[in-house]
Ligand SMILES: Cc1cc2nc3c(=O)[nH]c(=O)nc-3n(C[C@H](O)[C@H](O)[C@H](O)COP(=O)(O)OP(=O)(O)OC[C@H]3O[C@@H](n4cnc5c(N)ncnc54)[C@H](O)[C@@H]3O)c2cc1C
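Only one chain comes next, encoded as structure tokens, the form predicted on its own.
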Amino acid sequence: MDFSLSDEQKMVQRTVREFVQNEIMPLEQQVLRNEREGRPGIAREEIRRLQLKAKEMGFWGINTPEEYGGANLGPIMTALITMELGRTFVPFSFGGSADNILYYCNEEQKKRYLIPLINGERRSCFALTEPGAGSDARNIRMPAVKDGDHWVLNGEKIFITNGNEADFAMVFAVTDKEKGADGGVTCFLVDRDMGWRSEYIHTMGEWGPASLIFENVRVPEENILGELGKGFALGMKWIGQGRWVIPARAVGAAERLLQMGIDYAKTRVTFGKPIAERQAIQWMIADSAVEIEATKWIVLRAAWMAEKGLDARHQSSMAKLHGAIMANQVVDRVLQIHGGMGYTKELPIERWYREARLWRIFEGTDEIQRRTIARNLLKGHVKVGELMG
């Protein structure tokens, strides 16, 4: 059992950390100003500039197969990189990637969707959730009705990330309601110019998802992704591709926040002493450090299992549950350490506070993760005290 990083992993981690510190963190104040004024935190052109600069360093398509020009670094390296990117709230990700299920495209679809997406020429969104079907994804009702060599879509998808910016969507619709989710749901590749529209949803954070509205949108048969009726399995592959990625980002954010709390506690003086000497503050710091460390190793083990080809779903659910709760506790403590200043928009803590709250909801709520974990244990899929793998 070896918990050390290889020389290559250390090099990648160090390089990404320096890139985040030198290229991305300096943009934080501008992002905060833009968001306060109701503008996007960072322009698409700026993100693209940074992505191309990172590409020169070899960070392009970190999980994209080599045949498509990617680095294909694997889950463990992805987790380490995501932790480093999580140290800033600037919404940046390395370029050259595509949704995992788009690799199921046929050759013609790859030319129209997959390759342009990898090259940064197109933008996608994943459209599964409906007003009446969130965590219960099997309950989707949006119909797709066959009409000649087209399918006609009517309905609404909600809380769609990138839905306002995307020029095509991976839309899941019911093509045979008698067969249920396992045989009656199909995934369609639907270009925006086929007729769907998006409406911005305002949230307590800076995440601006969309409602996608479909009114008699005609989609040609050739735009079915995968097989007719097999879409639900693709949807679950998209959702399960790396549930541990969210808590990996939470680790990076929590580490940055904890360091901010430590630095402030050393300089803030009350009643003649730095608050770092107060036991109440020390316990906040200690508890945060322990919880961050625990999350980090749960996440890395989930990534290791995924890299080894093992079933990482149970471990990923534990990582998502623990990591989301951990991040919310840490940011709350750090805001408390800063007192009134932490509550202001002069510091980024309150922004992280709002962002972190989402982590307990999207990509599977806390309650769904607990349900999954408990079911696995009660049904004997996982044994208590047994190291999986």
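The first residue of the shown sequence is 1; numbering continues from there. Predicted model, so just to flag it, every value in this text is computed and none were measured.
The discussion below concerns the form predicted in complex with the named molecule, not included here.
Although the partner is absent here, L73 is not a contact residue: none of its heavy atoms lies within 4.5 angstroms of the named molecule in the predicted complex.
Taking the partner from elsewhere, L27 is found to have every heavy atom lying beyond 4.5 Å of the named molecule in the predicted complex. Using a 4.5 Å cutoff between non-hydrogen atoms, F92 does not count as a contact of the named molecule in the predicted complex. Proximity of Y113 to the named molecule in the predicted complex falls outside the 4.5 Å heavy atom cutoff. Contact with the named molecule in the predicted complex holds for none of S316, A374 and N376, as no heavy atom of theirs lies within 4.5 Å. The stretch among 224 to 232, 144 to 152, 119 to 127, 73 to 81 whose residues place heavy atoms within 4.5 Å of the named molecule in the predicted complex is 119 to 127.
Listed residues G252, G96, G184, G134 were compared with the named molecule in the predicted complex; G134 is the one with a heavy atom within 4.5 Å. Between the named molecule and the residues I325, L358, L50, I349, the one pair within 4.5 Å by heavy atoms in the predicted complex involves L358. The partner is not shown here, and in the predicted complex the stretch 283 to 302 never reaches within 4.5 angstroms of the named molecule through any heavy atom.
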